[in-house]
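Given as structure tokens, the chain that follows is alone and in the form predicted alone.
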């Protein structure tokens, strides 16, 4: 596949509510910011990929609400109803195939427009699990309990992990500011140990090697995989297919020792249990190694399908600013890590 580089990124400030904008305006805001940052215009972008959900947006063909705002009019455009890291796969493939030279990826989430727990319930098995009222938070609680029991750990490790994420988020200007109470939500998880539902958007602009000049951040490797759907059909206390995804991503990018070769890692952690569990799945040591979620990870903001794409943006920003040469960005779709995607980003001269 032809080399694919990142021209620029942008993300909104994430918040509990953005009543000042609708979905289209949220996408327009982040795309306008990206174009201003890069000095590009819509006529230089060949194709557009968006990431959104009919369920979460409360309308069918959800991408139609944001295509004009993203500048997709008159262009080949498509949608991925998964996390933005998976949309990035689609976008990179379009460029890598030689069919297009540039591609804009836009993802958004606006949880405040509906009832997140009720919407989440609709994704579970309709015969056995949905009637029980299970939602994403309850599933996270089941996962956290299994994680603790399998490793014979106490809930104190969840508190510590959440505190580290909060400390990192305190320096992140785009983080979702909240006063999360230590109130039990889904045993053993408390409110401050679960990622907040956020309104926000993220955009990433990709281009081929002929377009990207000089030293840049390149997409050097990736992998993705999907586990079984049923919560009772996989061990929630283990990283599942993330181990497979990590191995393949490292192999594709030529990374042999991730603890030594990676400079920064950003993961989509929907709970403090996942903060710890995904580190295991990526094959990283318990301490040391790359900077871990310096933005606070998803625990700092969880704007729907933009959450993983924000991880890509965060890694890109740090590499572009000279904070290392190689990073990993992780996204997931499906409750308690049903599907995972990992990208290896590397700053180097033109491929």
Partner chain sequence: MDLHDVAPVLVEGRIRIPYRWPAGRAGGRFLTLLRDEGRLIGLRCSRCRRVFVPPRTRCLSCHVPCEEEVGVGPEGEVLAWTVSRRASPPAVLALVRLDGADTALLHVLHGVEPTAVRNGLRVKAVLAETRRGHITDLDGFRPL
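Quick caveat, the model's predicted, so the values are computed rather than measured. Residue numbers count along the first chain shown, from 1.
Missing here is the form predicted together with its partner chain; even so, the following discussion is about that form.
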Please run the contact check for residue 233 against its partner chain in the predicted complex: heavy atoms, 4.5 angstroms, yes or no? yes
Even though its partner chain is not shown here, does residue 259 get within 4.5 Å of it in the predicted complex, heavy atoms only? no
Is residue 170 near its partner chain? Define near as a heavy atom within 4.5 Å, in the predicted complex. no
Does residue 187 make contact with its partner chain in the predicted complex, using a 4.5 Å heavy atom cut-off? yes
Listed range touching its partner chain, judged in the predicted complex by heavy atoms within 4.5 Å, from 76 to 84, 264 to 272, 134 to 142, 238 to 246: 134 to 142
Contacting member of 164, 101, 178, 130, with respect to its partner chain in the predicted complex [4.5 Å, heavy atom]: 130
Can you pick the one in 215, 210, 149, 160 that has a heavy atom within 4.5 Å of its partner chain in the predicted complex? 149
Residue by residue through 18 to 33, tell me which have a non-hydrogen atom within 4.5 angstroms of its partner chain in the predicted complex. 19, 20
